[in-house]
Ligand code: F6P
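Next comes just one chain, in structure tokens: the form predicted on its own.
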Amino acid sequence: MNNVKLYLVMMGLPARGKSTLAIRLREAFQKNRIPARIFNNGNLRRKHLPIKETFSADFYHPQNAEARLLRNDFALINMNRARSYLAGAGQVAILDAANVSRARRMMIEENLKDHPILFIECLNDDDEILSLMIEAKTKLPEFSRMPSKKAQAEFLKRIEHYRMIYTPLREERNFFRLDSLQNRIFEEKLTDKISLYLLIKDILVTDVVKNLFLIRHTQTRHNVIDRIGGDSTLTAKGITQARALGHFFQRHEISYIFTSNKKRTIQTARAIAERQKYCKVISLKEFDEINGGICEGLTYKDIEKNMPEVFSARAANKYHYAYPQGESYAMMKPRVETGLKKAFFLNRHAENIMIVGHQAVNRMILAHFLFRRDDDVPYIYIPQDQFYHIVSTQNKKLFELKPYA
């Protein structure tokens, strides 16, 4: 692939995962011995302009002619740098910016005619994810002098200014339009011959997990008496186990811990987060335990004695059987996978991801990586005194069950 030369141009509204994807692409290319470099307009802007000039949403208003000229100047600087990079040993130049207007993309096409251009449009309209992404974005230095709420309001205005000139990819010769949350390509166009096309497509649709620590909540009051579901709190032993987890993971940098909305996962996560320098606990409804319906809060002995038809039907087909007014494993699968996508998206390029979940939920998460047969999923071993460490990249797969005490 020594003769490969390509411009990859990111495109999309702010907080849609463009920079995350750019980093992922660069890392994948480098592991395949393909020299690649990112040229980020925002980094250039922050380096050369005072913060006070760029934190305001007015700087991004389409009718702000002076600011528009400045933004175009930075775009041209990066185009020239990208061209010089490919003129040398570089093979892939990644231009990372919003590039939402057709006018900006025409400028790119006019200035970079020496090699093919492949555009990648990132789309994501999940309100919960966008809210969390904006919260993270407004912790950047350019917003440091503003109260958090005001910073978030300014960032939302910035997005609306970009939306005013947004034109989806249509006229461009080569592009992918990508659901950046689900890693799903829903439109593509290929006019020119691009040697890396299939590799790029594989990168776009592959979940990349450098380190996922998958933990089951520690012992609860319901665990002791074998009750299913409910919203029980931890026992004294469970609290001790959670603190042991916090002690074990203090050597790792964990930015986010994802939990369900249930007390037992949140309690466990907080004990871990307390020993981190900066760690936010985020509860996602997608990680809630399987809904037991009318059996919620009962013991398995209660069900066997008082609802023998339910007990026997579930035993005969545990994956597909749904508790009356509740769920089956099969019904959980879409929501758990959506929760995973949210966790991966929010962690962006963090080295470590942590999920504190439930027995059935964690079985579904493991099945996502292990490709277990459906009928086997309800029997995956999920202990409370060990955790799963998972690595899943294009070049490496690792699954290990490890003790923490």
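Because the structure is predicted, anything quoted here is derived from the model rather than measured. Throughout, we count residues from 1 along the sequence that is shown.
Note that the form predicted together with the ligand isn't included here; everything after this is about it.
- Taking non-hydrogen atoms only, Asn223 approaches the ligand to within 4.5 angstroms in the predicted complex.
- Among residues of the shown chain, Arg184 is not one whose heavy atoms approach the ligand to within 4.5 Å in the predicted complex.
- In the predicted complex, Pro116 stays away from the ligand, with no heavy atom inside 4.5 Å.
- At least one heavy atom of Gln359 is located within 4.5 Å of the ligand in the predicted complex.
- The partner is absent here; in the predicted complex, the one residue of Ile272, Ala82, Ile290, Leu178 having a heavy atom within 4.5 Å of the ligand is Ile290.
- Taking a 4.5 Å heavy atom cutoff to the ligand in the predicted complex, the contact residue among Arg104, His161, Arg71, Arg216 is Arg216.
- Using a 4.5 Å heavy atom cutoff, Arg264, Arg314 and Tyr329 all lie near the ligand in the predicted complex.
- Look at 89 to 97, 282 to 290, 117 to 125, 151 to 159: in the predicted complex, residues with non-hydrogen atoms within 4.5 angstroms of the ligand sit in 282 to 290.
- In the predicted complex, the residues of 316 to 342 lying within 4.5 Å of the ligand by at least one heavy atom are, in order, Lys318, Tyr323, Tyr329.
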